[in-house]
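What follows is one chain in structure tokens, specifically the form predicted alone.
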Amino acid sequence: MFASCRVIENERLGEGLVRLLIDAPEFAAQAKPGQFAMLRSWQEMEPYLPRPISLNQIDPEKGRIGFVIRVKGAGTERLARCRPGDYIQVHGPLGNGFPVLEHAGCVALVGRGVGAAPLRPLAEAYAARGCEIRAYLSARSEALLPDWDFYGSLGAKAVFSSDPTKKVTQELAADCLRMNFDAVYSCGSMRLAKDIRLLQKQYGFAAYLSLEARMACGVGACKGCVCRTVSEDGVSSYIRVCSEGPVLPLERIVE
């Protein structure tokens, strides 16, 4: 869907983070955890391209969608300046999201910093099914994890670390000794993904990673977000993160 959507709320989260909540009933009705949208709030030719932002909130009942934006350049800076009542151009929902396993009894969510933003709708989807949720989150500071308190409100157990010498996958590994995870989900960090892949080989759970990439079109036409993957039989191939991803089975990404 292409639409001009009204900004409902701009929440300043600190350390260059902003959460935009927009009114988009059609979008919210179609969206799935792990998908993203291409956003543009400016009319000028510079910057030329919209910005890909993952979905942080999906509320089909109220017809609203939320995005966490980290200000890193001209495009995200303009998006962060949007006020309630402003309109932004939205193209989405795009990409393949996280598969929600129907009979899962226990899942783990692993993320670092603002890269963990797409995990919130996934946690909500599993909480609605009565699934046990464990969240393993890390960042330089708690301010870089805008949904830290939210997981507790869902009844999930959340582990947070800001220690640069320690990875939260160590906590996941310890829990794997006494728990049976049906699936583990992660976003962005290849360092964490490699650790999860080792645990997957040992314990046999399903695992999925949401890839991050620079995007120009968001629909696979420009082929600017190509990523190398590996099939089950070891054959290399290339996929477009925006259209074949951003979520893929972890075994296709980490060798």
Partner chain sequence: MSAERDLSVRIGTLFMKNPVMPAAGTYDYFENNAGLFPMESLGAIMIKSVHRHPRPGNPPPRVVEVYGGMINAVGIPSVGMEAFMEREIGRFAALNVPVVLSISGSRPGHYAECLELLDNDPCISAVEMNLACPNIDSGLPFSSDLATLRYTVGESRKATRLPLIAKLNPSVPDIVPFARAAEEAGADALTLSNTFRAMKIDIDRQKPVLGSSFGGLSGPAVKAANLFLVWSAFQQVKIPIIACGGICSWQDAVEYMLAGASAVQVGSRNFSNPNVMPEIIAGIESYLAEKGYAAAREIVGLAHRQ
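Residue numbers count along the first chain shown, from 1. Bear in mind that the values here come from a model prediction, so they are computed numbers and not experimental data.
There is another form of the same protein, the form predicted together with its partner chain; it is not shown, and what comes next is about it.
- Residue contact check for residue 224: one or more of its heavy atoms lie within 4.5 Å of its partner chain in the predicted complex.
- Its partner chain in the predicted complex is approached by residue 51, whose closest heavy atom lies within 4.5 angstroms of it.
- At a distance threshold of 4.5 angstroms between non-hydrogen atoms, residue 215 is in contact with its partner chain in the predicted complex.
- For residue 240, a non-hydrogen atom is located within 4.5 Å of its partner chain in the predicted complex, even though that partner is not displayed.
- The stretch that touches its partner chain in the predicted complex, counting heavy atoms within 4.5 Å, is 87 to 95, out of 110 to 118, 157 to 165, 87 to 95, 174 to 182.
- The contact with its partner chain in the predicted complex, taken as any heavy atom within 4.5 Å, belongs to 220 out of 33, 66, 188, 220.
- If you take 29 to 49 and check each residue for a heavy atom within 4.5 Å of its partner chain in the predicted complex, you get 40, 45, 46, 47, 48, 49, in sequence order.
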